[in-house]
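Given next are two forms of a protein chain, the same chain in both, each as structure tokens and marked structure 1 or structure 2.
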Structure 1
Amino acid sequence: MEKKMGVYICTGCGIGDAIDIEPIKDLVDEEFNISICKEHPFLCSPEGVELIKQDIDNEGVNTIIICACSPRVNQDVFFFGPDKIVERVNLREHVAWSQEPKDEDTQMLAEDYVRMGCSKAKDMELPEPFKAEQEYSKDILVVGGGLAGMTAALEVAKAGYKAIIVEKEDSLGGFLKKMKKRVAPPYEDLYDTGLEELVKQVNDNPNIKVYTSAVVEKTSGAPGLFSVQIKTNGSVAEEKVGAIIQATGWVPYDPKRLESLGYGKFKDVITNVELEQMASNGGIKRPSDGQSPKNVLFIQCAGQRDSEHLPYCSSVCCLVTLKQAAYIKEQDPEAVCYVLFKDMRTVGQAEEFYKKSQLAGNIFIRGTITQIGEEGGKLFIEAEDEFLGEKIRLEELDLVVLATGMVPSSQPEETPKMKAPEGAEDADEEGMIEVPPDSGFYAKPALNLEYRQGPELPTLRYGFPDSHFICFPYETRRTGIYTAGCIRRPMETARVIDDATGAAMKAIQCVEMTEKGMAVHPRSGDLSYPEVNLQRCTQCKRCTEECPFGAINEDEKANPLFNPTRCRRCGTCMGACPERVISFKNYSVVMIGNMINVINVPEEEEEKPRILVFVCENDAYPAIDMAGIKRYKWSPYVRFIPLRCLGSLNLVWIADALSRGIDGILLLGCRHGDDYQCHFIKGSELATVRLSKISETLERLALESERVRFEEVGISDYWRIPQIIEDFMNTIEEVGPNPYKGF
């Protein structure tokens, strides 16, 4: 498009009190040849917006540079149609609210930001939504026909879309078929599972197709364009779908590994799963003699919250134990139930059921089992009672029930590890060993993806497939594939229903946005996608290996094959490419490079250093905004450049900036890891790895390594921003000015 640019400066919110507007108008005209540059005291008001609209209608302005508040606010106010380019320059939070008003350095800061905004707008092109040659499908595949799968399919159907269920068993129901009763809100009683009615709703719904005794043999394609081969009853059916929900549930942790708690050693030590099956099949009996139990002990966290077994809590086991204690009492009101627990986790309204269980006469003991044995055909245990502060012994136990944990029925991306037993010879440096194949951590493949990056969903540390558990529940690291129910995390049936509904809504959002060429989370609505100049590609495979979302396959010659509807527009591939052949129409290596080039770098004798800060737009940028809102102050010598993700950082930017005389470069990115995740999974981690390789560039330029630093910044770390900047400024002062100034 032929651009007609206009710059609009807001003087409200203290901006006009902090900087002089006229010099900015002059530089816009002189340096960028933009004749339309106007100011308004309240640019986001109807009058301010009308000022811009008049120039669009009368002057043909189609590229609008808004110099006002943060781009994170007023996005709807400053939207002038899909055929207009809008670039935002943050003069409020990053200048007026964080710097001394009417100061020379504050003015220079504002002018640099306007230069950078004009440069970026000049290089930007309108993104053209990707439209595949094939017809998009809006049908949604649900793998798994248990409570989560059936609920998700019904919610999809209620919204007017078609759902396809693939269930490996010969009938629907999943684990619900093995349950006698459910505990559900308002948590005052036990309720029927509702399985028959649920299955009837599914089978009677014309928008739901069901495959039983079926497995997914192969999944190829991408969101909107998935092609799924389903093996069922000796034949193979093929379905075209737009999104996938994996609801394959969970498997119990292997109780054979709990010999220390008596499982496999004593017949009357069983698991909570085995007791549930007994209850639903006619009654609870002692395996040793078939008699009804009179004294029953439930041991909570059996192999859970234990570094040698399952390090996490399965969350639902406490409620299950309370439910099963009710079964015992229902079968024999004179029976006695003991519950040995570490912590009772009955969250929210579920506390009501805990109180009811206490009133029913069940005996709760907070403690840890130390020994289990058998005398005269009955079991006994010894335990440390935390409340009494002494050892206790329970005798004449007819049945001991182990609350084993829930393991997701997914294939871990990497072999999971657990704490090594004492004396293990194959332990690694951290004292960990690989989890044995019979541990329950492994399951049969469910999706069989034809992705270069692997046939199943990538998983986190304990085998749960996730993307970003803080901000993006349901979403996995494979775009358009969502998880629901206990494969995503352990949960009770009430939460499973909520979870399946959420996953269904996400899948619907995906098929709708994909058809429009838009990205899904976290850059929802982004119309850009990566474009590659294959003529210059060296087949180094960096982009395919580093893409966090499996959006790039390879052909037989190792050329990258981009799948635009899988792409989340993070730009990691752009940062990875050493030949710089990958770009977006509104985000590219050249574009950011030109923004760096227009920064005014004073001469050494002026003693005004320049610090370039590459900022992750997901966490660090909002943290800086919040610091500005709090009116925190920081050095006027820093210049922030937001990046889609630090994974998109191309090292050429650092080399170019240092060779221009920039004194230091600071990277502010997300914390990475399982406890606090990068929004694009590996972005900050990749940036750290790339920075470890920058020493060669610094040595070539004869510069100190201290001039480049990476800092992890969470979205709530706004209070750290001034200190991080001050510490880095002190470091730059120690190493001195960049010797390349003036070249």
Structure 2
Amino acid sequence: MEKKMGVYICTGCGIGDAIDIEPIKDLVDEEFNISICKEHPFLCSPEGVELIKQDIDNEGVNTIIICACSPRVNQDVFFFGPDKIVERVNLREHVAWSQEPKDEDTQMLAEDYVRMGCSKAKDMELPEPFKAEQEYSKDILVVGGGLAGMTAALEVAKAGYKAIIVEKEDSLGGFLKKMKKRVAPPYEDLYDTGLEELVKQVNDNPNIKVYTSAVVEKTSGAPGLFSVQIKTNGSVAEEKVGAIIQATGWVPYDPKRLESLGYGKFKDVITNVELEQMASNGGIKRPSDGQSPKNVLFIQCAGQRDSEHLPYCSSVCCLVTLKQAAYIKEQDPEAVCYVLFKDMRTVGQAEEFYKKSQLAGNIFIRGTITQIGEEGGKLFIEAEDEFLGEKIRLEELDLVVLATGMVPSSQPEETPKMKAPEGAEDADEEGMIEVPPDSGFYAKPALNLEYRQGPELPTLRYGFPDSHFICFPYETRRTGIYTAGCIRRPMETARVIDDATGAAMKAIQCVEMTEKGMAVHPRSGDLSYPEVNLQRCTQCKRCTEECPFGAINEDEKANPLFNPTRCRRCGTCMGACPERVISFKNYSVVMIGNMINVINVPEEEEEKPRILVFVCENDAYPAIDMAGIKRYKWSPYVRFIPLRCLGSLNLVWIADALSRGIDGILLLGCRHGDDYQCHFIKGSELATVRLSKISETLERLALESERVRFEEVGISDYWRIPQIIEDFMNTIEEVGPNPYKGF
């Protein structure tokens, strides 16, 4: 695109009172050869916008630099069509509202920001949406044909898309097949499982194709372009799909590990899963003598909430027990059920079902079991009863039911091992090391992805491949692959249905956006994507290893193979690349580098230090805006550069900046670690890792390590911004000016 640039400066909102516009107009002309530079007292007004539109129409302006408020506001006002480049220079929040008006330093700050904006606009290209050579598929693969899988497939089909279910068993249904009844809102009664109807709906729907006794042998490709090999009855079928929903469910916790609760020792100690199966297959009987039980004890948290077994709460077992107690009462109204529990967790409206169960005469005992035994063919237990504050003994028990928990189907029985990297401390004798849960090599096979970062979804704790985002619970670390149902976290059937329905939405959305060349969350709609200059690639593998989403494969020569439809456009690969061969049309190492280069660095004698601040545009940047809105003041010596994610920070920028005489570099990014806030999961963490390696660069330049600092800033930490800057300014003052000034 032949660029015709125009600079438009708003003097409203105090900008005109804070800075002189004339010198800016001069520098725009002299330094960037931009002849069109206009000011307006109210640029976001219809008149102001009209001024720009006229230049677009009459002068052919197609690259518009708006020097006004933050890019966070008035996006719609300053939108001139998809074929125009708009760059925003934040003279309001970052200058007029946070600096001394009409001060020399304020003026220099504003001028630098305009320079940086012009430079950026000059280097920016309009992104062209990625379009694969192959044909896109909008079909959705659903792995797992239980309640979650069938629901997801049906929802997909009802919305007009095609779904393919792959179920490993010989019929659909999953755990629903073993269930007698469901407990569900409004929690007034037990309901039929609806299995037959559901299976019928699936089978009758022309938009759903079902493979039973089938497994996914291999999944290659990327969103919109997945190619899936399905092994079924000895043959292999191939399907093209656009997105995947993994709904492979759960397995019961292994009760053999619960010997202390009598399982395996006493015949009449069974699990809730076994009871459910009995209930739906002819009735509940004592395994020892086939009699219908009169006195039944349910032991809640049989393994759950126990660091030795399942540290988490399995969330459904309280309700399941209430349901099963109802089965027993139904079978024999004279029967008595006891429930020994830790906390009764019937959340929401399910509390009603608890009350109903109490009214049915079931007896709830809060406490811990201390002993279980057999006496005259019946079971007894002793427990600490927390309600009575005494030891209790329950005798003549016909049946003891262990309310065991759910384990995600992704959890491997044994932690897999991999070859330890050199020098790893935890390596065993054979040089192997345990695979961490957040690796793609951890989970049990289900998808068999041909991904460089492993065949399965990375998991969080306990093997759940759940999202750790509160606001974005469907985000997995593999684009276009969503999880649904109990593989995500233990949940009751009503929640499974909702969850699978939502997953269907995400899958459809993904195929729609992919087809348009758009990124999915969190940079939804972004059309840019990374392009690589392979000729200069040194096959260092950093990009393929560091991509938080496993988007980049490798060929046999270790060349990176980009899959743009897997890409979330965070730029982590760009930041990782030591050869600077990865770039986006509107975001590149060169572009940021040039922005740094246009910053005016005064001579040492002027005693005007320059600090460069790389800012996460998702959280730290809005925080700085808020600081401006609050009219907090900070040093006029800092220059902010927003980054898509700190993960895209390339160390060359730091080296370049320091060698230009910039006195210090500050990084403002999201919290990382267990409770990470980085929208790209690993971005800010990777930035700190890279930063730890900057010492080498600093040594080479003979500079102090204090000149570079990382600070965690959350979006609501705006009140800390002035202090963070001041602290860093003080450090830089102590360290002294950068000796490279003027070189």
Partner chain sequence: MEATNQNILVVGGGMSGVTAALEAAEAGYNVILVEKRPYLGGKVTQFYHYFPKLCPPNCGLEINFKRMKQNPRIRFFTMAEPVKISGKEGDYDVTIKISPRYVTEKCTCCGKCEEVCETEIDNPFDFGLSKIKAIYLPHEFAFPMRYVMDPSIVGTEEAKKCQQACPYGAIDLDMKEQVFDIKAGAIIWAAGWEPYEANKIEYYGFGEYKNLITNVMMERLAAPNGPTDGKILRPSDNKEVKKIAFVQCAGSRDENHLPYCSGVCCLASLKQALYVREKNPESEVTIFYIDIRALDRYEDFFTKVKQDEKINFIRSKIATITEEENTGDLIVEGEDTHKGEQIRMKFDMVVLATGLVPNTINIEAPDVPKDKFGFILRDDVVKGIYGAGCVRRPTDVATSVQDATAAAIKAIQSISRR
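Being a predicted model, the structure only gives us computed values, none of them experimental. The first residue in the sequence of structure 1 is number 1, and each one after it adds one. Basically, rigid core = biggest C-alpha set you can superpose within 1.5 Å across the two forms.
Structure 1, not structure 2, is the form predicted on its own.
With the core held fixed, G367 shows a CA shift below 2 Å between the two structures. After superposing the rigid core, the C-alpha of W653 moves by 2 Å or more between the two structures. With the core held fixed, the Cα of N597 is displaced between the two structures by 2 Å or more. Comparing between the two structures on a rigid core frame, one finds that I725 has its C-alpha moved by 5.2 Å.
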